[in-house]
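This document opens with one chain alone, in structure tokens, the form predicted alone.
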């Protein structure tokens, strides 16, 4: 199995004007890597999840996610967005966004990824490391070490 997150799945300061533009850009990184089989379906599934409950978390975090038949392999895309994007959090826009995409049959992987992220997102030092990282590789290093338990 490939790594769940690769440097090519990281967007640093993408030029986007909305949540849907950001989600499209993040899904495009996964499509380019061959991680998804149906880009349109994944975007549709993420939008359906957002309609149930928006995925903005306190502290400037967005966590759009979906299990989808359009996903070949569990993956996480990451974006750091100047000015932020509205994911519906009560305290404002998200400048750190994780897009979680897993195959429709992978409920356990889906929950494991969300739980692992949630455990780290309560720590300000973790969020600060993501906000101050100067490269895609540094983002991957922080997430690999702190969330995905890779040294």
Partner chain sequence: MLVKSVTVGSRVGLHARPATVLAESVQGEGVEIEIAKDGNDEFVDASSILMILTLGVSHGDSVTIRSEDATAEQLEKIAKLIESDLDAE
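Predicted model only: the values in this text are computed from it and were never measured. Positions refer to the first chain, counted from 1.
Below: the form predicted together with its partner chain, not depicted.
Asker: Would you check whether its partner chain, in the predicted complex, lies within 4.5 angstroms of a non-hydrogen atom from each of 25, 69 and 77?
Answerer: No, none of 25, 69 and 77 comes within 4.5 Å of its partner chain in the predicted complex.
Asker: If contact means a heavy atom within 4.5 Å, which one of 79-87, 25-33, 59-67, 38-46 is the stretch that engages its partner chain in the predicted complex?
Answerer: Single hit among the candidates: 59-67.
Asker: Taking its partner chain as it sits in the predicted complex, is residue 104 near enough to touch it, meaning that at least one heavy atom pair lies within 4.5 angstroms?
Answerer: Taking the distances in the predicted complex, the answer for residue 104 is no, it never comes within 4.5 Å of its partner chain.
Asker: Even though the partner isn't displayed, in the predicted complex is residue 96 close enough to its partner chain, meaning a heavy atom within 4.5 Å?
Answerer: Judged by the heavy-atom cut-off of 4.5 Å, residue 96 is well away from its partner chain in the predicted complex.
Asker: Listed by sequence position, which residues of 10-29 have a non-hydrogen atom within 4.5 angstroms of its partner chain in the predicted complex?
Answerer: Nothing in the stretch sits within 4.5 Å of the partner.
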